[in-house]
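Before any questions on how it binds or moves, here is one chain, the form predicted on its own, in structure tokens.
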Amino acid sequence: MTDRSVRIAAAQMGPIARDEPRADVVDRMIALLHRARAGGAQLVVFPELALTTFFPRWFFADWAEVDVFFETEMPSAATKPLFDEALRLGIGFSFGYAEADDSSGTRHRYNTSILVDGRGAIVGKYHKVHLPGHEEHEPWRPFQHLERRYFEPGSSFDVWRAFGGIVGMAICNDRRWPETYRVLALQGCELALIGYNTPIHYAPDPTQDALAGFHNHLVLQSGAYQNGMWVVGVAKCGVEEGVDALAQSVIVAPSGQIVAQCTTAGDEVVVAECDLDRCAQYKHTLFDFDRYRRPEVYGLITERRGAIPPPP
């Protein structure tokens, strides 16, 4: 291993009940933090919306019912113990939460992830770009997926220098889009942190249910390989409020190989030594962007949103 090796923990979380207090959830996260530190981890990655149940599964007409799931400051009173304990241990972390931003005088709501360094400072914040699901109540579904109702989309993929390398973040559905990894990689990203909440049942096309785990690993592994980066995908999983969510959290090397994987559908930690210098094996050979990319022929990627077939 080189001086740029980072021991990273994927801190998978099991179900969170709708009425589970934030303090209890944070206690679980602190317990996972200790398990990760015992494994020598320097960075712990928690899931998307780690502080609450996955509330977009319900339709709320009253926004006051929605806002109870949102944080208006970070760290908050409920999450400060996590920040304090991580600082005491000298360990960094990343987690996702629902953010209500009132700084402009108008409330904006985002599906957010933050990156915190070993000194307890928030060094990066990301707003989910690819919001899945639908906007209005669809009672034919066994449960809703109303992210497009409750959140505004983010506007950029950014990277930060942290943990001896270049780190980016994405959230859940972002992992399915190749543009996510490519835009991060074009900024030199060596480590992508991705939390997710993924229901195994996909109501618009249930034939995909049996492939949920395969598709999850397919996109994480291809994103890692095609862009020469480490990818950490971390689930909130198990049967949460009657909805079965995918587990199988993984740490993926720049080769596309899975080097660590959770094997339960509950609170679990796996740790891997991630040598960031391994990224160069792919960034400077097969995927040497500066040498081999042809952006002049990729114009449709940014010029066109939907597919338009040629005329008959």
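When you see a residue number, it is the position in the sequence shown, counting from 1. Quick caveat, the model's predicted, so the values are computed rather than measured.
The following text describes the form predicted together with a small molecule, which does not appear among the structures shown.
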{"property": "In the predicted complex, Gly188 touching the small molecule (heavy atom, 4.5 Å)", "result": "no"}
{"property": "Arg176, heavy atom within 4.5 angstroms of the small molecule in the predicted complex", "result": "yes"}
{"property": "Any non-hydrogen atom of Val167 within 4.5 angstroms of the small molecule in the predicted complex", "result": "no"}
{"property": "Exercise: Asn227 in contact with the small molecule in the predicted complex, heavy atom 4.5 Å", "result": "no"}
{"property": "Listed range touching the small molecule, judged in the predicted complex by heavy atoms within 4.5 Å, from 119-127, 96-104, 198-206, 78-86", "result": "198-206"}
{"property": "The single option of Leu193, Cys237, Leu115, Cys172 touching the small molecule in the predicted complex, heavy atom within 4.5 Å", "result": "Cys172"}
{"property": "Residue (of Pro153, Gly213, Pro132, Gly90) lying close to the small molecule in the predicted complex, criterion heavy atoms within 4.5 Å", "result": "Pro132"}
